[in-house]
Every structure is written in C-alpha cells, then in structure tokens.
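One chain comes next, on its own, written as structure tokens: the form predicted alone.
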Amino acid sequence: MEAGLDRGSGGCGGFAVPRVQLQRVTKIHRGSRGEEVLALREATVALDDGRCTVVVGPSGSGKTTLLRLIAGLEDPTSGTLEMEGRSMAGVPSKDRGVAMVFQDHPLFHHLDVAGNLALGLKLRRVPPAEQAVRLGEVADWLGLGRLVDRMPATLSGGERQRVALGMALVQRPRLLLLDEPLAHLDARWRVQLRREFRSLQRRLGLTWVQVTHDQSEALAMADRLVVLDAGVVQQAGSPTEVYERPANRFVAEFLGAPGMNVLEGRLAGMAENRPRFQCTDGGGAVGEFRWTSLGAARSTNAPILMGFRPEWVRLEPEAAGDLPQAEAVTAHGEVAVVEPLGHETWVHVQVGTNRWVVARGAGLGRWRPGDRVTVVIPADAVHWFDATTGARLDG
C-alpha cells in the first residue's frame, strides 16, 4: 500500500466517493437594475461516483453557476441538490467536502510551493506529521518534488496550475470541481496537463467535475459529458454517444472541430420509393439529396435540416458525377478556402450563396480554391433535425 492511501470502501486514495444529483435546479440572478437573469433552468444532472464529468458549453451557458451551486457558494432558486442521498439545502460549503480549482487559481507569492500546498492544512490545524504525509503523496502524484522550494513567480503557467490542483488535493476532498483550469495555458501545456489530469483522476478514482468551453478538451477528458446552452442541459451521455448521435442542432454544431455541417432544405416528393431532400438557398435549389435512413413519414415540402460530420465528407472532381443515390448523398460546389493543418486539411466548399460544407481529412491537400467539386456523403452518415425546434428526428 502506498503511503497515505486508503484502499478501503471509502474509495481510492483516501477520497470518499459521493454521488451528486441535481433535480430540476433553476438559478436566477439579479442584474444591476434588479432585473432577473436566468443562469440555469430546470437542470437535472447526475455526477457518477469516481468518474470524470465534463460540463461544456459556450460562455454564459451556466457552467460556472452549476459548479458554484454544487460547491455551496450559491443556493438554487428552485430544485434540489443532493450528495450521497443527503439534501445540501442549508449545508455550508466548508461542510460539503468539496474543493475547487479555478482558471486563475491564486497562489501566495510570499510562500514557496511547499508553503502553498501546506497552507490550507495549517489553517485547519492538521498535525505536522500528517501534513508531511499529504504533501509527499500530492507531490508524487503531480510531479512537484523538484518544485517544492520554488517561488510562484519562477513557475510556468502549467506548473502553477499543477500546484493549484495540489492545494485542492491535499485537503482530500470528496468531490473535486475545476472551473476552466486549462483556459489560459498555451497549447503544449493544455495537452500535457489534460493527459496528466485524466491519468490522475483514473488512478485515484476521483469524482471529478470540470467545466470548459473547449469541446476538444471536453471530449478528450470526459467519462460523462453534459452540454449546456443558455442555462439548459441540451444533452448528457458518454462522449461517443453525444458526438455520434447529437440530440439537436446546437449539440451537433457545437461539438467537433469543426462542428457538424447543417444544411437547410425541404422534402421534395419521392424518387424510387425514397423521399428526396432538396437543399435550398434563398429560395433556390442548390442540390438534390436522397436518403434511406429517415423514411417517408414526413409530408412533402416540409422544412427539414440535414447534418453530417466533416470527416465523413468526400470530395470528387465535379466531372466524376454523382455516386448512386442509394449509397450516398451528393451536391456540387466550388472550393473556397483550403486550411492545411499538418496532420489533416480542412476544405470549405461553397454549395450556394450562403451555404457551406466543410470536409476534413488527411488526403484533401490536393484541392485548391476555385476547383469545382462533387460533395459526397455516405447516406448512413446523415443526421436529420427538425427545422423549427432543431431536435433530432431519426431516433
């Protein structure tokens, strides 16, 4: 057994593992003129024991508010929040066994790394011998051994965030909350700490909740993904489930680099016993698409949205013509922008006055702006969404 680690029923690494449940939680703030500002609306979220939940969404979507409610820094306007089956109504933050790490976590510049790590323990009057044990294990987990005598001003951004995480971990919290911890780091540090944080979470069996606006970070780290927009939970599930079967247009376009292509159109009758989709652009036809996955249940001329991921798009010279319609969706357009990214290339194809399709892949570097192309998408890679609500239509 490693020093300082308790492998008993309380969880791995001495961390008791809670189950957190939010049921229909709404939070309303008051603006500067007394107006109501909705931060969360009837959010229902379950945080799984010993797993990494990542809450992702654009700025202002309610991510930080959700963390602050869990931490006890704010109270919900309505709804319930429970930890291990116990209501947290009226329970102060200090009694919840929760620690938070912020994107600009303050370090005390007059203290070295060891002093910063030990400060919270000293304030709680933890015996010196226990302090030494906890600092030793956290320094080992986070690779801080060579930094303990350094002052914060001499640390890189990534090293400071590692120390900030250590300041939380020495408290042995039951729940660890991280608010955009990688947001202000350069790309190299983001990738490195993302890997280190994920490895540590799994090794210790921590119940870990992280919020971010970076969908790549969210997909890479999460066991469970929660997508927020305008204070509403849009979808929750495994990263694979949410990415491959988005619940609505927002999730489809928000997740992915780049996000899902979505084309507006209408049902335009039947062709060979299959409904036909006609993409529209300012009232004019851009291209005709047929599919087999949706069925003929919807009425002719009904508006509808068709989505497909950029990695499924194949580009062919326009002279090659369309593939058999039962096998693929096709349209014609002109290459407008080519973005070589080293490991892959993004090609932006204009298929109408205001309609664009992005293709993403490793073999697209041969295309040049002005090339006329046929856009080809496998029929089984197409997603269908309601044109009014944005909700998924095909199950």
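In this text, residue numbers run from 1 along the sequence as written. Computed from a predicted model, the values in this text were never measured in an experiment.
Note that the form predicted together with ligand ADP isn't included here; everything after this is about it.
T64 is the sole member of T64, T345, T330, T26 with a non-hydrogen atom within 4.5 Å of ligand ADP in the predicted complex.
Only one of V37, A46, A362, L341 lies close to ligand ADP in the predicted complex, with a heavy atom inside 4.5 Å, and it is V37. With the partner omitted here, the stretch from 366 to 374, 347 to 355, 333 to 341, 28 to 36 that lies within 4.5 Å of ligand ADP by heavy atoms in the predicted complex is 28 to 36. Though the partner is left out of this view, G60 does reach within 4.5 Å of ligand ADP in the predicted complex, counting heavy atoms only.
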